[in-house]
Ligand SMILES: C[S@@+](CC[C@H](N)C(=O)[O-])C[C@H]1O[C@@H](n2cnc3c(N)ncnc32)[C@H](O)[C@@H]1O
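The chain that follows stands alone, in the form predicted on its own, written as structure tokens.
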């Protein structure tokens, strides 16, 4: 681990940052100037800084794995806003400090991290942004406080895992600690099974950001309102889980593609619209709707899918490269894209769904 305060280290970082994708000769020259180890480390930092989505990323320090695991600033700042401004929050698993930075912007923080290198980088990254909060090289399960946050590592052997018994720290132990706080949040994967997520109790939120279901959040503690919800980061709306939508067998005048977090939270029934095929399928109705939770389309045609017939139909509507979507069927959309592309320009949208084991398709245009 190199000290970024040393002049030679700063110069190596500066030189590496001039070209994060150097030629073999440039790599050799860096190694001759700074030594192989420092040159390799500086080049790694340059690559990470180029990829990192943070303000002042060109001054921060990363490890590749920690950067891959780090929370995007949009989500980190939204999550930090859930804690009271000015209250001390403890980040039990701070890594290189992505969540710690967002928390520090709203008040005092303490970070826990088992890896000394990541802890040192977290301290450095806080200083870069003008914060001097404490980062401890210690087990986050030893943390205390009224407000806690944890993001257990979900990798083993370099591979992602959904088995909570392989997380570090174990989410069950984290949950026990959070439950004794006023408010404690734990970030988990939305791909984990419902029964696993619901075992922790408290408030379960599926978080939508940039059109994706980005995470599952467990909130525990004495200040928590329990339940299951979808939360939209950009617009700030929260929708509670509700009953399943009624089924429909044919698309009506309009088709709606619900936000993945809305579907994952079992809240897509909130619009009182029928669903095509599977319970997590496209919604449909006779009246246009505009909502941050929905991508809305006008239905131009709806029929069983048959390749030759649909190629002719797409040609009638201008050809081009169609946008293909599916909810329910397991079609190879990449292969189908080649078959249905009829020109180089943009084409219509085609949504595939399945009713009674038969695949239908709706030809759409965005509202």
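Residue numbers count along the first chain shown, from 1. Nothing here was measured: the structure is a model prediction, and the numbers come from that model.
What comes next is about the form predicted together with this ligand, which does not appear here.
- The partner is not drawn, yet in the predicted complex one stretch among 201 to 209, 165 to 173, 293 to 301, 241 to 249 has residues with heavy atoms inside 4.5 Å of this ligand: 165 to 173.
- Not one of 237, 256 and 259 is positioned with any heavy atom within 4.5 Å of this ligand in the predicted complex.
- Though the partner is left out of this view, residue 153 does reach within 4.5 Å of this ligand in the predicted complex, counting heavy atoms only.
- In the predicted complex, residue 281 stays away from this ligand, with no heavy atom inside 4.5 Å.
- Taking the partner from the other structure, this ligand in the predicted complex has a heavy atom within 4.5 Å of a heavy atom of residue 92.
- Within 4.5 Å of some heavy atom of this ligand in the predicted complex lies at least one heavy atom of residue 118.
- Of the residues 192, 179, 138, 289, just one reaches this ligand in the predicted complex with a heavy atom at 4.5 Å or closer; this is 138.
- Think of it this way: in the predicted complex, this ligand has a heavy atom of just one of 336, 70, 313, 30 within 4.5 Å, and the residue is 70.
- Of the residues in 78 to 112, those that come within 4.5 Å of this ligand in the predicted complex through at least one heavy atom are, in sequence order, 92, 93, 94, 95, 96, 97, 98, 99, 112.
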